Ligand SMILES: NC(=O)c1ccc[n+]([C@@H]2O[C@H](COP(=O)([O-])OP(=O)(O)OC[C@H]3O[C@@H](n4cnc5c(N)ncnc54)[C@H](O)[C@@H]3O)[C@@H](O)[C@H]2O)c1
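This document opens with one chain alone, in structure tokens, the form predicted on its own.
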Amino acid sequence: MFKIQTLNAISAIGLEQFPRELYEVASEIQHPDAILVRSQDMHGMKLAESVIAVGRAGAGVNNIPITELTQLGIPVFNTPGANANAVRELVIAGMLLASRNICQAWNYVSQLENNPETLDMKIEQDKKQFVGFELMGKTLGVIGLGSIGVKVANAALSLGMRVIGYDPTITVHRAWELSSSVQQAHSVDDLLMECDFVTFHVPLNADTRDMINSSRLKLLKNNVVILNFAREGIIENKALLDALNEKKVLAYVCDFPSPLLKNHPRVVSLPHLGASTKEAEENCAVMIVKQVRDFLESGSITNSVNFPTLEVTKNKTGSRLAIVNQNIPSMVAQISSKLADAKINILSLSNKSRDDIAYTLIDVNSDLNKDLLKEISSIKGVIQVRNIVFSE
């Protein structure tokens, strides 16, 4: 029986994918094998020694201590693309909010006196201050062409916009999804100089923090609209505030309110609504449950942010060793030698590495006793050893 601890409310549609005869799922549970989380901050959280996997029902993992979990040999899974449509639609909405001054106009109307004799006249007198512009014919720059960025780019094309994209690490799969009409920028700077709208769909890391700073803001055309539904920290807030005040930037639409910007008249701040749809939450839950199940039941790893991808299927019988170790020479040879000394034949072996971590799956047709598992665990550099037993 596997035990799953949920730190946030996870969609019931997803949790139903855990077979009741194999899994116990609860928010309060002793000795969990895996943890499912959405937004709860896990930094500083004391983990039970039984935990061997963490699943994030969403894409961002800033709330999870990745480095510490990697050192413990615990893979962290996420669900890239499961909420892509929800974010795509909100980005399009954000462009319309900015281009048609919808929030400002809404606030204006809400503050008018409820006087039927003067209301229409007042509106006709004042509505010119909210004149906007159409999206058709404007240029959108998309920085980051993952699952969300590609969907945003393609949707903007269907609205009649010209689209320029930049992503030096775009995958073959995403490239196939991207419309051939999206133009390629050779650098962030080249893209910024041509756009009326710029939207970001990149993770927050050392390379993307303060990607948009005072120097790059100077490259923009006047009256550009910036949209950030990726992560707080990609744009330097003080530099952006200056650009808004100087009217270099016409509007900023974001999903991450900041004290410095949220009350600016040309800033639209949303309370992290990007993935807040029923459909997105269900998609994320179903996807993360499948990935955690595959790992627990077969050792397979898909969409891990800190471990290599190693996709395998369940066997009908036999045993499978799942070993996490430091990515250093001769590890596989030492593990194989231990098995040979125990007269155990290897049926198949798969090994992948990522940065400082290596992951090995070894199928055998013999029982693996506790003494042998302890010997393998004692090899210098081995972090975690798990024996997966298959039975029909």
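Remember, predicted model here, so these are calculated numbers, not experimental data. All residue numbers are counted from 1 along the displayed sequence.
The same protein has a further form, the form predicted together with this ligand, not shown here; the description that follows concerns it.
**Student:** Out of 315-323, 290-298, 201-209, 244-252, where are the residues with a heavy atom within 4.5 Å of this ligand in the predicted complex?
**Tutor:** It is 201-209 that comes within 4.5 Å of the partner.
**Student:** Which pick from E282, E236, D196, D167 sits with a heavy atom within 4.5 Å of this ligand in the predicted complex?
**Tutor:** By the 4.5 Å criterion, the partner-contacting residue is D167.
**Student:** Residue-level question: is K138 within 4.5 Å of this ligand in the predicted complex, judged on heavy atoms?
**Tutor:** Residue-level check for K138: no, no contact with this ligand.
**Student:** At the 4.5 Å heavy atom threshold, is L145 in contact with this ligand in the predicted complex?
**Tutor:** The answer is yes: L145 has a heavy atom within 4.5 Å of this ligand.
**Student:** Please check if A275 has a heavy atom lying within 4.5 Å of any heavy atom of this ligand in the predicted complex.
**Tutor:** So A275 counts as contacting this ligand.
**Student:** If we define contact as a non-hydrogen atom of the residue within 4.5 angstroms of the partner, is S304 a contact of this ligand in the predicted complex?
**Tutor:** Contact check for S304: no, nothing within 4.5 Å of this ligand in the predicted complex.
**Student:** Scan 71-85 and note down the residues that get a heavy atom within 4.5 Å of this ligand in the predicted complex; none is a fine answer too.
**Tutor:** If the 4.5 Å heavy-atom criterion is applied to this ligand in the predicted complex, 71-85 yields G81, N83.
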